[in-house]
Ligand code: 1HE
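Before any questions on binding or motion, here is one chain by itself as structure tokens, the form predicted alone.
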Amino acid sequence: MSKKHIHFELQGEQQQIAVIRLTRGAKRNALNDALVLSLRHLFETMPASVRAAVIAGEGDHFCAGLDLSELQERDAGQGLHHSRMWHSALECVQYGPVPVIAALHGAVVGGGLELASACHIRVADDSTFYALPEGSRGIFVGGGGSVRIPRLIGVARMTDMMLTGRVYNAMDGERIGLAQYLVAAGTAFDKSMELALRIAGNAPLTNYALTHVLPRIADQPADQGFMTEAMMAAIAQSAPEAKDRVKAFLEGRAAKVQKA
């Protein structure tokens, strides 16, 4: 299925993996409103069979940021509402129905880094580079980057990127936390699919706790976080699937953790 600037398909034996590919390759997959709204719609209408999603980019780049050729002159109120539209769309990615993996290559710049930071796992290949050029263009991040990116790399590093135009290569990006995995050029999508299939095998309630509850616990004061954790632990372990999985482990029917 293709939407405006996006190709969507289901993969896996039970169609449990949603593959979402940005298809503006000629524009380095730069984001415009139509693409952002299509992303929001896909996550709002995700088929019930899906247990994990992979977002990738067509061509040589994941996403080179905002399509400045479509940047409209707006007054302050219009600019505010436009930014909030992006917030709503990327919140559907971060707090949608399933864990999301970003398969990164080439440019992960500006709004592309904002999109990647809304995903739960980021897999970068050796061609990946990261930048936030908004500072040199007289604008500011508006897709949630000022909230999400400092949580990955800290305020000081994001400030440096925007003040100086610093570009991080793939290795340094993984080192500071922009990606959790670094793989050979051309293999980010394959690694992302491998992880997605593994994630799809988890109990759905546990995946929900990790994508919806854990980030909120991290934002809570410790005493509130401990209480939220206790409630989520009680809910998760009471699920029939959790009881079956624990029983399988105790009876020796489940694999034990092995050294990597």
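Everything numeric here is computed off the predicted structure, so don't read it as measured data. Residues carry their position along the shown sequence, with the first being 1.
Beyond the structure shown, there is the form predicted together with the ligand, which is absent from this document and is the topic of what follows.
Peer 1: Considering non-hydrogen atoms and a 4.5 Å limit, does the ligand approach R137 in the predicted complex?
Peer 2: Flag for R137 set to yes.
Peer 1: Taking the shortest heavy atom distance, is V109 within 4.5 Å of the ligand in the predicted complex?
Peer 2: The answer is yes: V109 has a heavy atom within 4.5 Å of the ligand.
Peer 1: So, A26 and the ligand: in the predicted complex, are they within 4.5 Å at any heavy atom pair?
Peer 2: Although the ligand is absent here, A26 would touch it in the predicted complex, with heavy atoms inside 4.5 Å.
Peer 1: Give a yes/no on whether G177 approaches the ligand to within 4.5 Å in the predicted complex, heavy atoms considered.
Peer 2: The answer is no: G177 has no heavy atom within 4.5 Å of the ligand.
Peer 1: Would you mind picking out the stretch of 117 to 125, 180 to 188, 94 to 102, 138 to 146 that comes within 4.5 angstroms of the ligand in the predicted complex, counting non-hydrogen atoms?
Peer 2: The contacting stretch is 138 to 146.
Peer 1: With the ligand left out of view, which of L68, A234, M227, A218 would have a heavy atom within 4.5 Å of it in the predicted complex?
Peer 2: When the ligand is considered in the predicted complex, the option within 4.5 Å is L68.
Peer 1: Tell me, out of A30, L195, L42, A56, which residue has a non-hydrogen atom within 4.5 angstroms of the ligand in the predicted complex.
Peer 2: Of the candidates A30, L195, L42, A56, A30 is the one lying within 4.5 Å of the ligand in the predicted complex.
Peer 1: Heavy atom within 4.5 Å of the ligand in the predicted complex: which residues of 42 to 63 qualify?
Peer 2: Result: H61 alone.
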